[in-house]
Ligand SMILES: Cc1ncc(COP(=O)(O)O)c(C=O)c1O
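Consider the single chain below, provided in structure tokens and representing the form predicted alone.
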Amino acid sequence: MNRYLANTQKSRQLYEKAKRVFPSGVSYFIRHMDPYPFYTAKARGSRLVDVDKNEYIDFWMGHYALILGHSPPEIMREVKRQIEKGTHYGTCHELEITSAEQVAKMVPSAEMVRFTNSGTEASMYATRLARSYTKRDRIAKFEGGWHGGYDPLLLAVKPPFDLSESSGLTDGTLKDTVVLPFNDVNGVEDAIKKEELAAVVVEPVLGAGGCIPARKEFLKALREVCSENGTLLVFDEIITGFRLAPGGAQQFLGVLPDITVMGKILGGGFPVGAIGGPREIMDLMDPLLYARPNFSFHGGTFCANPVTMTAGLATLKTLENGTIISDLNKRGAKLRRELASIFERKDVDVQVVGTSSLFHTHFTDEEIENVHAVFRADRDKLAQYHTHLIANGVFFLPTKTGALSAAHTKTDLEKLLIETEAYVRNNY
């Protein structure tokens, strides 16, 4: 900590200014760090450089959005060309069609697409669409699932699960939300059969819930019970989309949802969200086919913004053949094994979990299959570990999941392993 304080004096000064204009001093509390966050001045490839000229190897990667790294040249060239033509039209344009066609080509269940400006918006519109299609009110989500700031889904993110994640949520907002146990086939089947649900919303890999992959047999059983009960299955692929495979977790695991929610990687470094699904469901967003109030509204000033569409399209085309993703998957599996081995050699109780190019360290001897186990782990030790890494030039948002990008080099990963060894050596 002393090293961090000594090396980040300009960041400390900026934080004092930020506290005067932002609640808690940050524009999103997830980015808060004790005693204060550092302030990034520039980023390229796998590196962040802060205002004090400290350099960090970045494993947070813009909330996992930057699978090609910061400012990849091939994407930046396209963005610069588009900016010369205009940043925001507010009209239809060809890029939005080409981008939607690319998504539909890559994502197995997405016959039609609508773009939004964030994952939260996409979750909101997908939930509304599911209710419109099924004519049912109740929706279900899982313990530990994070789907953005949309009111009915802002529940059961972390223990105690009966507390919502915000004030200002009315009882009416939350009364139609059912909470389900993650990776528990019997518990889920029993609960769904008791309810008439419009939709079940699930992350194929819990993000905020500790980077826990859903077991394939769990998702297959969930698919079956939803179909049997007339409930739409919604995959929140905001994190897993275009990362686990070119077609996301649904391609990777071979389980198709009815509606897919997308974001992050889809924007190529710019704000984005999207909903995808079969024509039969997506057509409910068409007021030419369904008169008010029978159509499901969707819209927004910056939907399908041409700069976002340009960056996203270039990113998807780069990922389409699967070569980059396959390589990252192999590197991610190797990194998880190597991190676990470092702790095991010192008999430190740790579970290194994740899948594909995502990884997370939990200080516990308990197998991590649900968010209960995540929060029984020693989160203070995890924060201490990440603080050590940050002070030594390796950035994880404290207690959050790490993600690999195509920009990470062998040297970058070796640095993470070396600093992990130093942390273990100094603390155990």
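Keep in mind that what you see is a predicted model, and the values were worked out from it rather than measured. Throughout, we count residues from 1 along the sequence that is shown.
Not on display, but discussed next: the form predicted in complex with the ligand.
Interface residue remark: His147 is counted as part of the site for the ligand in the predicted bound form, having a heavy atom within 4.5 Å. Remark: Ile275 does not count among the residues lining the ligand in the predicted bound form, judged by a heavy atom distance of 4.5 Å or less. A residue is said to contact a partner when one of its heavy atoms sits within 4.5 Å of a partner heavy atom; Gly268 fails this definition for the ligand in the predicted bound form, lying far away. In the predicted bound form, the ligand lies farther than 4.5 Å from every heavy atom of Gly241. With the partner omitted from this view, the residue of Ser118, Thr173, Thr134, Ser164 that lies near the ligand in the predicted bound form is Ser118 [heavy atom within 4.5 Å]. Of the candidate stretches 232-240, 347-355, 297-305, 281-289, only 232-240 contains residues with a heavy atom within 4.5 Å of the ligand in the predicted bound form.
With contact defined as any non-hydrogen atom lying within 4.5 angstroms of the ligand in the predicted bound form, Glu203 is the only contacting residue in 190-215.
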